[in-house]
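Heads up, the chain below is alone and in the form predicted on its own; it's given as structure tokens.
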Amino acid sequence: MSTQRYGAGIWHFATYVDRYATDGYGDPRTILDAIELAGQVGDISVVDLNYPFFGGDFSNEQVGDALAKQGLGVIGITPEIYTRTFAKGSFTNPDPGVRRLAHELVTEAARVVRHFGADYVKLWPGQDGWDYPFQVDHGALWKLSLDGVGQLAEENPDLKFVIEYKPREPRVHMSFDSVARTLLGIERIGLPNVGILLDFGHALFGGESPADSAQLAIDYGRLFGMDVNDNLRSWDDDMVAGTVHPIELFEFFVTLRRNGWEGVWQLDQFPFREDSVVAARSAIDFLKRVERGLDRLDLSALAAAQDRQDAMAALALAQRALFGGE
């Protein structure tokens, strides 16, 4: 019987706006509404929560009661260091006062992590970076990025801080834009409690092979978390996992299996026009197929094919394991 745990960012069950449908895709929901929907999926055991909690002034106790009612735990807390307040950056904001606000918000989020017994504070500094040539001093900006994360990790050695990198959006170019640059930054910070949360879609969007990105992060001992979705590679579409790149998603999980990486398989999807519960179930159904495929895959034969760099033989093994057939 499978012991694999599944999770989701609670925003999967929120409502969304974009620059066209500014009135939103559906009625507004609070975090309590979203937790109730997450509980309806059936296979989700943990959620990643935005902080501050959206949709109202809710206490940790109120959120905890809602989670307990649905049988859900918390894997991480994501402080919202990417809102209008931080339009010119959080850790890299030119205003020291705004940088202090970012530090204080993440520190509050760290307390919430302790309250819920979560695994990590997730840092997604989406506004840290630049838009135009000559806009920033790149050396100074990078130092601010690393100092901001490093100070928090040093002040909270009992907690893990995971950086979720992404090439762009909302900033035209984000500071933590790739697995390699993020690893370089983490190595410069030099603290054991800073790692990467690897978003499968962000790796696709950045022109990376997600499997290769995972291997690199594992090789440096920095893969602390992961989440999955899908996209058409030209944007961070956050589509349902496995709908566009099933083979690359399977290769990603093969890499995790080969390296003995164990952790929650988490959804980071934005079902703008789809029913959020149905979208989550659809993704998890595919992830269960992936899990069965991992058990069927002949790893020895795969290794032999890869030693020869025999793409057709390797793909045939992967396709049979994932999709079935002779």
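Residue indices: 1-based, along the sequence shown. Values in this document were obtained by computation on a predicted structure and should not be read as measured data.
Not on display, but discussed next: the form predicted in complex with another copy of the chain.
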- Counting non-hydrogen atoms within 4.5 angstroms of another copy of the chain in the predicted complex, say which of Gly117, Gly71, Pro157, Gly207 makes the cut. Gly207
- Note on the structure: Per contact check vs another copy of the chain in the predicted complex (non-hydrogen atom within 4.5 angstroms), the hit among 148-156, 176-184, 71-79, 100-108 is 176-184
- Message: Considering non-hydrogen atoms and a 4.5 Å limit, does another copy of the chain approach Asp238 in the predicted complex?
- Response: yes
- So in the predicted complex, does Ala87 come within 4.5 Å of another copy of the chain, heavy atom to heavy atom? yes
- Query: Do Ser282 and another copy of the chain come within 4.5 Å of each other in the predicted complex, heavy atoms counted?
  - Reply: yes
- Message: in the predicted complex, is there a heavy atom of another copy of the chain that lies within 4.5 Å of any heavy atom of Arg257, even though the partner is absent here?
- Response: no
- Task: Determine the residues of 253-287 with a heavy atom within 4.5 Å of another copy of the chain in the predicted complex and present them in sequence order; the list may be empty.
- Result: Val254, Arg258, Phe270, Phe272, Arg273, Glu274, Val278, Ala279, Ser282, Phe286
